[in-house]
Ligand code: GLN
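Next comes just one chain, in structure tokens: the form predicted on its own.
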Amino acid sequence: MILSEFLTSLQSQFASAGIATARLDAEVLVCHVLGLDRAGIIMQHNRVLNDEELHELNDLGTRRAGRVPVAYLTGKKEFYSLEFSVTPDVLIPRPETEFLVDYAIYYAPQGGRVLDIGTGSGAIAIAVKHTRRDLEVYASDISEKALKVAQVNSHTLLDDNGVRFFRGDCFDPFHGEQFHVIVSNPPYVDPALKNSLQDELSHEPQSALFAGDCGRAIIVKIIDQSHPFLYPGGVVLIEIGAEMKDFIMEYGPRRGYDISIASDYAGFARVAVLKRR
């Protein structure tokens, strides 16, 4: 079978499975297996696929039709113009989370200290360090498997003077330490919504997505515990769900913070900015 015919067939398979990005996903998988870019697909449209290529592409196509995310099939995901390795042990970095990186870069003073809580693939911490080499960047995660992925990404994308990773729950590894910026993309999805979400989310680590108390539990924990770990005037940056805006605006001041909420490009509340008084 030639490349153009297979691509059309793969697109149809994905469309039949209800995948909205059928053409894009088909092209990404073909590029991944054949080592092409999207221009190469056009230039080699008459290329005859060999048995090994067809076998691998058919396998990936079946898994994608079963709603396995493309990033897990290719093992990589772009974030903040950097290519990160990802596995099912970590949440796939989302474009909206890049706002956290922007704000961390903005608020961190020259030579400051930044802490990323629940780092997962290390995307936030590594992107901050890659952009601001003057900063000391620390990161933690409760998952040993996630930390291994983050460490691989740090080694690949940064030099030896990269992010310092620690295993532990929230602030447990950092007693006695203080930071200028604490940043986190915690789990904040209400478990009650689980059955109404995209099928792809079932393949991602559930502990990185869902939190108790209608999705608020980890966010509340970070707010409650963060104050001693901040320098005076320090800032906590938390990615939130749009429906949490009013709760954060009411809860933060009770814990000694001045609050502002930043919206993403779609106009949804996305980043809670908590400044220590």
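Keep in mind it's a predicted model, so treat the numbers as computed, not measured. A residue's number is simply how far along the shown sequence it sits, counting from 1.
Another form, the form predicted together with this ligand, is not on view; read the next lines as being about it.
### Task
Answer yes if any heavy atom of residue 185 is within 4.5 Å of a heavy atom of this ligand in the predicted complex; otherwise answer no.
Residue-level check for residue 185: yes, a contact with this ligand.
### Task
Would you please decide whether residue 73 lies within 4.5 angstroms of this ligand in the predicted complex, comparing each non-hydrogen atom pair?
Because no heavy atom of residue 73 falls inside 4.5 Å of this ligand in the predicted complex, the answer is no.
### Query
With the partner left out of view, is residue 94 within 4.5 angstroms of this ligand in the predicted complex by any non-hydrogen atom?
Contact check for residue 94: yes, within 4.5 Å of this ligand in the predicted complex.
#### Entry: Interface membership of residue 209, this ligand in the predicted complex, 4.5 Å heavy atom rule
Close contact exists here: in the predicted complex, residue 209 approaches this ligand to within 4.5 Å, heavy atoms only.
### Message
Just to be sure I understand the contacts: of 158, 189, 142, 105, which is the one whose heavy atoms reach within 4.5 angstroms of this ligand in the predicted complex?
### Response
Exactly one residue meets the criterion: 189.
### Query
Which among 107-115, 148-156, 133-141, 94-102 is in contact with this ligand in the predicted complex, heavy atoms within 4.5 angstroms?
Contact criterion met by 94-102 only.
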